[in-house]
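As structure tokens, one chain now follows by itself in the form predicted on its own.
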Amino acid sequence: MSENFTPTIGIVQRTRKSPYFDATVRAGVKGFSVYNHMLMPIFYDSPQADYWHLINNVTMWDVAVERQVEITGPDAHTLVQYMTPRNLSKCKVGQCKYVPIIDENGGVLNDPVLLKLAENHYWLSLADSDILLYAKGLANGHGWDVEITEPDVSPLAIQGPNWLPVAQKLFGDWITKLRFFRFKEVELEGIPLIVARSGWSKQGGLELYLRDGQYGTKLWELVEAAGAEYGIKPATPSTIERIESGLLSYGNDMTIDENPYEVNLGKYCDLDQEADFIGKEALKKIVAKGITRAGVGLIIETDGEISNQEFWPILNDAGERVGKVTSAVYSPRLKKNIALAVVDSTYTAVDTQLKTETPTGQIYSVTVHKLPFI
């Protein structure tokens, strides 16, 4: 094979296009990944250029890959509560909740945002895994009276410190009163939306849940026009910013092999709640035995800019494996290589010195750092 060969992604029916696909191509998207069986843009100008625009200005993201699992019916609340250790008894209509979903052993299967649209009407806005099938299996096994579907819903995010004037131009001044992790059902020039104060960055913004895919291009163009005077640019969820902010990525920083306590999600686990949930007894045993691993930040000592495409082992002075680097990247603001990692509890103290080894055999010194980095 030629050394100049450039890998491509074949687009077929199972790699679905988002309603914004044509708009992203016109906007100059330069790469895609596959997420929830759908094409996801990964950068436009460059990962660092897109990052700086997110940090300094405002961006718009095609995140239609955040597919929804819609759960309705008399037993909808029972099923949703059974899937997560987070206590949902006080969740109100119009509210979002971050809800780790676990299996019978306490392993993390996904970490969606839950939206409560009505009593016994929920959406789970997913990270990358097939939770719709999991929900169907649980409902069928327990005989619960629910309907579980993937609705025609595709989020478009507005993220960055200048998000508010763009949002006001689109929706008016009521948007200034929308609280974090709350949402409102609206129409924008005939386009049905749910507007949520949420998003996968710490820079502030909204997620616009488009409820009819035929309006994808129209919605993109409306947001683009509203943001033009504020210099809005298309971008994507930033690996750099989310690692700086300590935001976890399912499949990278947590998997079925980690329980919520090992990835600093223990605050979302209510083991004393009256309601039952899958994995409840497993988590109780884990807590009683004591947590043996935890998520930490790392500074990686090297002059070059690095990133990882697989887990890197973390080693102690004796050369023993004591953890793994899950996500590594160069931080332009810190001017350092940083990483998220899971390590044995013995090594979680800030300033602990360890090493990591890359697949090519390169050894780097690493130092435990508090989260978030910024």
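Please read these numbers as outputs of a predicted model, since none were measured by experiment. Throughout, we count residues from 1 along the sequence that is shown.
There is another form of this protein, the form predicted in complex with another copy of the chain, and it is not shown here; the text below is about that form.
- Note that among 86 to 94, 203 to 211, 248 to 256, 166 to 174, the stretch whose heavy atoms approach another copy of the chain to within 4.5 Å in the predicted complex is 248 to 256.
- Of the heavy atoms in N105, some are within 4.5 Å of another copy of the chain in the predicted complex.
- In the predicted complex, I306 stays away from another copy of the chain, with no heavy atom inside 4.5 Å.
- In the predicted complex, another copy of the chain sits beyond 4.5 Å of every heavy atom of Y261.
- A residue is said to contact a partner when one of its heavy atoms sits within 4.5 Å of a partner heavy atom; V99 fails this definition for another copy of the chain in the predicted complex, lying far away.
- Between another copy of the chain and the residues A228, A288, A118, L133, the one pair within 4.5 Å by heavy atoms in the predicted complex involves L133.
- A heavy atom within 4.5 Å of another copy of the chain in the predicted complex is found for exactly one of S129, Q81, S198, S125: S129.
- Highlighted residues N337, T367 and F373: none comes within 4.5 Å of another copy of the chain in the predicted complex, counting any heavy atom.
- With contact defined as any non-hydrogen atom lying within 4.5 angstroms of another copy of the chain in the predicted complex, the contacting residues in 25 to 48 are V25, V29, K30, G31, F32, S33, V34, Y35, H37, M40, I42, F43, given in sequence order.
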